[in-house]
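Starting off, we have a lone chain in the form predicted on its own, written out as structure tokens.
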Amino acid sequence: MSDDALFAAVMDPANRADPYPLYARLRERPVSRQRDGSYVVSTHAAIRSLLFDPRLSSEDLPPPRRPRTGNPLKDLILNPIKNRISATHRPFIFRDPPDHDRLRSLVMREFSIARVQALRPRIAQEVDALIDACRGRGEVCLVSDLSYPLPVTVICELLGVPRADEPRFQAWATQLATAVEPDARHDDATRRQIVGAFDEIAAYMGDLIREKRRRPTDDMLSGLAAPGPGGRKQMSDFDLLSTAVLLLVAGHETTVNLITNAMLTLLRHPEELERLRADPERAPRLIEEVLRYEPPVHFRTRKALGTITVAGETIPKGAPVILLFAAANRDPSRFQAPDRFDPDRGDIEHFGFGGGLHYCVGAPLARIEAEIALVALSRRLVAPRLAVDPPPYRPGASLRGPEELRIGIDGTA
């Protein structure tokens, strides 16, 4: 395989279970031009040098394009207006400063550490209830039994979204998650599905926001929808909609992968599972090593706003750029024995939650959810073992994690 086809191989589902040999090949050239004209950045030093570079833009989504309906009013007037609004008011992870910074600061004010820490008892209660529901069974599926329902329940309560509506937005969230996959962006059918899913979930969130303004409660969505100083809106209605959709979708997608990847790694390293069972205080450092070793997000895409020279390679203006975080996390020039899972290693400067201006706003919550879940699983699952290894993986290469993780057990403690 030639070097300029390596990222295409990363995108191939056949390599989803173990993309790391491909990442090792890519690291041989820290910045590698691919056949499609994109530039893959794969070493720790090169990515770190670019994270705060203003010449690298997050506004790299293709223009939204709603399909023709045959209705002249919709095709010539309404849909072009909707397309312009969608392009201008994208979720803030696809925005650059100053818009990104303004919207992110409003979200961070509501997503406070105090609010997140206060959720600990509720998270522990939910984890125990989910494990209790597995009593009497000889096998569990971690994804459907715990690592999906837990973060969905938590983000719904945090935002003030009725948990009973989860079946409605599950399909929307799954579809919208494909927006971070480069191949999906250039497939017309998938793009239409993404736009359709966004319109449907935005209509749902719009109704919910109006209800929050009429009857505010103590949740994040009520806080974001509330008037700011002088009675002015804190953000436009369109920005509020895209922010609410982002928080609902991103608020659980990466955490599902984090918990599942962590348990898969522990079951492949049973001595570490035993150490966690004996000493729950190990959980935080174990999670940091999982974020390095098997991160929930493997890469993010950017666009060069100007010519950028990094690691001896020149990236031309307008070129797509792929920051391959998971490859950098196993860079031997940064980490000793990087392919070894070692929670006791020091200085784990990983890119498990990205980095720079777009560092994941939900990282503290994801860490808490994973910590509580893993400690409970280590203590309550009796003789857990993998039923299938490797497990089947979700389609996406960016948000990488098992679609299901079947675990044989001898019961629950």
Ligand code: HEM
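Please read all numbers here as calculations on a predicted model, not as lab measurements. From 1 onward, residues are counted along the sequence shown.
There is another form of this protein, the form predicted in complex with this ligand, and it is not shown here; the text below is about that form.
- Residue in contact with this ligand in the model of the complex (any heavy atom within 4.5 Å), chosen from R300, K212, R330, K303: R300.
- Contact annotation: of the candidates A202, I131, I93, V321, the single residue with a non-hydrogen atom within 4.5 angstroms of this ligand in the model of the complex is I93.
- In the model of the complex, no heavy atom of A373 sits within 4.5 Å of this ligand.
- Although the partner is absent from this view, G362 contacts this ligand in the model of the complex, with a non-hydrogen atom inside 4.5 angstroms.
- In the model of the complex, none of the heavy atoms of L286 sits within 4.5 Å of a heavy atom of this ligand.
- When this ligand is considered in the model of the complex, L357 lines it closely, a heavy atom lying within 4.5 Å.
- Contact with this ligand in the model of the complex holds for all three of H100, T255 and F353, each having a heavy atom within 4.5 Å.
- Listed stretches are 139-147, 221-229, 288-296, 305-313; the contact stretch with this ligand in the model of the complex is 288-296, by a heavy atom cutoff of 4.5 Å.
- Contacts between stretch 307-339 and this ligand, counted in the model of the complex as any heavy atom lying within 4.5 Å, involve F325 alone.
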